[in-house]
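Okay, here we've got a single chain as structure tokens, the form predicted alone, with questions on binding and movement later.
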């Protein structure tokens, strides 16, 4: 049911004979799925040469022809959605239904950028000089180095592939070594769609070694990274050394503000579903629940009931509602966060422990009576632990919501248009959802502010991130 792993360089697959390899583990049962080959420095240099050749071909391919190849790849991914989703669930752990939705969303991103690539418009600027035309054009930035994490093995690589290819760039993608199979399947789809050799290259290896080697090369003109803030800052420094363009989608710690004018129990149902999606391993996951005091009790009780009712298990089991954490590191992180809460007098209403002794399962956890300076309130949890905190006034909750260095996503629930407008203006975040947790779509910009990064993926902004704007004055 899994897939054969390999490196994809210059349109050819290599199974890693003689290369360093690491085990890919199913987080639901801790069994090895396959051995993943690592790219050597020679492999990376080969990928760079392939990307250079691919770029010269792809940049000269007209946008309509590029769009046809990308649209065909999207169709192939949809045709193989069940197969790819099973691979994704095995290596990442999320329930199959969630995995299939993600694969479909990845195809949508590719389809959308296939069309948007035809609309990389310039503009004519009225000239003050007689007989002179002044205008701008958009051109592909060049070869891209892209790095993706393990929590969304389909949609995150798809965003970077689609943006780069839609703009006319070639790229070297280093996908996560913990979830390589999904990226392999995406690369297969593009190859089967007729993508020219070298336009998309897929490598794996020790992250620091791969990034430092590639970013030292002058041919790389842009980096796109999704991951932690410390790693993002390090890569940004490397990119700055070569004046390389960069898109950084980093961590978040999303506040959710629930005002008294909504139904607290219905909102709690909605909020719990959002929180425990992918076991909370979502960069835009709702993570700090501020509930106005008159609704606090009902919200907390209903949210806790929903957490208790979730069935944990292998994502391929149709009855599973929440799968395992992606790796053993997350188990330790969750235990540490809960222990810190308890040491500060917080109340664990449900969960708080590892579930079972096989697989990386952690119970859906709800914490109340928590201090604002606890780890759960100040550090991105990236797991199924939810703090619920009461608040009194608008100004108070805005100050608390904006108090952290994060600024990726924020949410609010209210029936008042006045309050909705006020809170969406007040929240310091790159993305805000009012009465919804759906803020990530192919046609909308995805990105944060403050220490959550800069730049966007998706939408018009995501395409422009892979282009250079050129001004021309022609007499």
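From a predicted model like this one, the values you see are computed outputs, not experimental measurements. Positions refer to the first chain, counted from 1.
Absent from the display: the form predicted together with a small molecule. The rest refers to it.
Using heavy atoms only and a 4.5 Å cut-off, determine which of 185, 340, 380, 108 is in contact with the small molecule in the predicted bound form.
Only one listed residue qualifies here, and that residue is 380.
By the heavy atom within 4.5 Å rule, which residue out of 190, 303, 289, 225 makes contact with the small molecule in the predicted bound form?
Of the listed residues, the single hit is 225.
Specify the contacting stretch among 92-100, 229-237, 310-318, 112-120, defined as having any heavy atom within 4.5 Å of the small molecule in the predicted bound form.
Heavy-atom contact with the partner occurs in 229-237.
Taking 4.5 angstroms as the cut-off for heavy atoms, does residue 207 touch the small molecule in the predicted bound form?
Yes - in the predicted bound form, heavy atoms of residue 207 and the small molecule come within 4.5 Å of each other.
Report whether the minimum heavy atom distance between residue 330 and the small molecule in the predicted bound form is within 4.5 Å.
Yes - in the predicted bound form, heavy atoms of residue 330 and the small molecule come within 4.5 Å of each other.
Even though the partner isn't displayed, in the predicted bound form is residue 150 close enough to the small molecule, meaning a heavy atom within 4.5 Å?
So residue 150 counts as contacting the small molecule.
Though only this chain appears here, would residue 211 touch the small molecule in the predicted bound form if you measure heavy atom gaps against 4.5 Å?
Output for residue 211 is yes: heavy atoms within 4.5 Å of the small molecule.
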